[in-house]
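Let's start with one chain on its own, the form predicted alone, as structure tokens.
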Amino acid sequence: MTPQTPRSDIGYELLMKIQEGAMAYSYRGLPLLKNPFDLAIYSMLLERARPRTLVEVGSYMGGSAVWFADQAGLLGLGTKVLSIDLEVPATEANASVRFLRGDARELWEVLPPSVMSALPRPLMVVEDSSHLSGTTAAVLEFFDPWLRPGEYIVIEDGILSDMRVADLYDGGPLRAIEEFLAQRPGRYEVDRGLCDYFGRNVTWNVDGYLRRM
């Protein structure tokens, strides 16, 4: 079942106005489609987690992958970004980004054990693909055995429940998060310091900043 109680302090009317701006936002000429709260939170997370590899599932036109690489570069992290989607975007805006063709539900085909075991660590994962509950669950299941204590997997767009459209996505990311965590008590924590930094779940990644314990 889709969660019925609003998770975010942002009221519905304001939420939808912010969403309108986020959907029109661009970076270096590429659609970025992120809201100001998560841009700030991701900046803090990059500085805290200091990933050497960031895997993004869901590239769209490449704006977020380029933004992640640029922000990591400003911090001197030397992070390599692997961004995976069914369609590879036509952009070469940052040499630290590599776009790969792959299916979020079949990540083993593009990220076999030989690739995963060789990735420079720490690892950070951002799941921003179809937002269907089953797709998010598949991404969580794939990365679970690979994530090490202290590493993060961020599940985007749990806010779809507060936007009242999660049923269009079979419950959306929040359903997948709740089921995944319930099956693994104590293995992950929702980082409330990030989710609630600007207020209770004032983020599009509602309950979605997950840290491996």
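Residue numbers here begin at 1 and follow the sequence given. Note that the structure is predicted; figures quoted are calculated from it, not measured.
The same protein also exists as the form predicted together with a small molecule; that form is not shown, yet it is the one meant from here on.
Under a 4.5 angstroms non-hydrogen atom cutoff, the small molecule in the predicted bound form lacks L111 among its neighbouring residues. Mapping the unseen interface onto this chain, S161 falls outside it, with no heavy atom inside 4.5 Å of the small molecule in the predicted bound form. Heavy atoms of Y152 never reach within 4.5 Å of the small molecule in the predicted bound form, leaving it off the interface.
In the predicted bound form, the small molecule sits within 4.5 Å of a heavy atom of S130. Stretch-level contact analysis of 144 to 152, 29 to 37, 46 to 54, 162 to 170 against the small molecule in the predicted bound form, using heavy atoms and a 4.5 Å limit, identifies 29 to 37.
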